[in-house]
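Below you'll find only one chain, the form predicted on its own, shown as structure tokens.
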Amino acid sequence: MESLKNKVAIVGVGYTPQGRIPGRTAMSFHVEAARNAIEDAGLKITDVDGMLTQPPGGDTRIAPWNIAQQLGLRLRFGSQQSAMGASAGCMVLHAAAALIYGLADYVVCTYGESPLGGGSGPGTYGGGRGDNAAFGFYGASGGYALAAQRGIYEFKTGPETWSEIAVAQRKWANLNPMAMMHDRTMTDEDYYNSRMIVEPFRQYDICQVSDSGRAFVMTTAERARDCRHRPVYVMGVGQDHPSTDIVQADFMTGPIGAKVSGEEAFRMAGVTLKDIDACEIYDCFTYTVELSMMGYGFFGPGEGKAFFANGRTAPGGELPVNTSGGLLSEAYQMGFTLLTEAAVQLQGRAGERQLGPVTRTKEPEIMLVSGNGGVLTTHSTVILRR
């Protein structure tokens, strides 16, 4: 595959309110996020001629052409895409191809849903499907609980490791005014006292459900120089999709898609794990962070507890992870939460949570972003640089 290294860049990020937002539709969040991202990049609406959209729950009504109509733009390139939590990372590759081959000049990638406010259905959050429902197996939590139980057996992992992840990410959220958990601190005691949802997961092992939207704009490296903010260049991308239902899977403890997609992304980027200054790791569950980082090679099987100990990934730690609070403590916007946070960090616009002297960490040059969808079904890896 032709290398995409340094040929395209992220140039704008769009936020919306996030939390429980009554009276909003998923479409309204897509439109608002797209508009804000385009403005953030210093562009006019009419500059944008490409759009990739992740619809909530596969809703075909939330399509690029419908969003474009509301924004007043005309598309030369557009598509709906859903690799679930891996979609944002996959979109980076597809947008890059369109830009490099001249199918678009500026591509905006959008996400939005409203499961709490009533504007869209609950998706995978609580529904039982097929035979699973008959056995009390509901939603993604049940699937990841199966994987985590196997992880406990094989890796001797468990809450002693996961509490470190949850508490570290809450500390990042406490520095992020946009985070749903911004005003709520968490201690180890709080973690252990939280109620059990589905064994072995406690409440704070599980990501939030949010009404919200997020978007980012990409363009070629040449055009990026004329945009408002410092470009964030794409160094490497990779995908791997095991594509097996969890009840039939033989990879519950790895290697999941992180290994293959990570190897591809690092090969394209021409860097190694030692070059990564910070990570944004898909965190639908605390265990997903552990399993993904193990898949990338940051530590070996059974070494997660020691790796995450003593605030290693928290503010002031050696390797910051999920610096906005992530899905666990900022807001659930699939992989868009993580990808946009990496872009904002590399642009130096993260405020109180900015990596560098403000948070007693290294100023980032290169960051790794992961996406994970289904129950360890899809995976994307993106390596970005300032």
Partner chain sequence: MTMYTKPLPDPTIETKPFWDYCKKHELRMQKCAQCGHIRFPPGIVCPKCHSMEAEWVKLSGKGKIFSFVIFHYVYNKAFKDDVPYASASIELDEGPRMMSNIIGCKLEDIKINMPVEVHFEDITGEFALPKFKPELKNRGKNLKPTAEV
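Only a predicted model underlies this, so the values are computations on that prediction, with no experimental measurement involved. Numbering follows the first chain given and starts at 1.
The following text describes the form predicted together with the partner chain, which does not appear among the structures shown.
The contact with the partner chain in the model of the complex, taken as any heavy atom within 4.5 Å, belongs to Gln149 out of Gln239, Gln149, Asn174, Ser163. This chain appears without its partner; in the model of the complex, the one residue of Met180, Ala145, Cys279, Leu75 with a heavy atom within 4.5 Å of the partner chain is Ala145. Residues Ala133, Val198 and Val247 are all found to lie within 4.5 Å of the partner chain in the model of the complex, as judged by heavy atom distances.
The shortest heavy atom separation between Tyr101 and the partner chain in the model of the complex exceeds 4.5 Å. Proximity of Tyr138 to the partner chain in the model of the complex falls within the 4.5 Å heavy atom cutoff. Contact check for Met252: a heavy atom falls within 4.5 Å of the partner chain in the model of the complex.
Shown alone, this chain has one stretch from 215 to 223, 306 to 314, 150 to 158, 89 to 97 that lies within 4.5 Å of the partner chain in the model of the complex by heavy atoms: 150 to 158.
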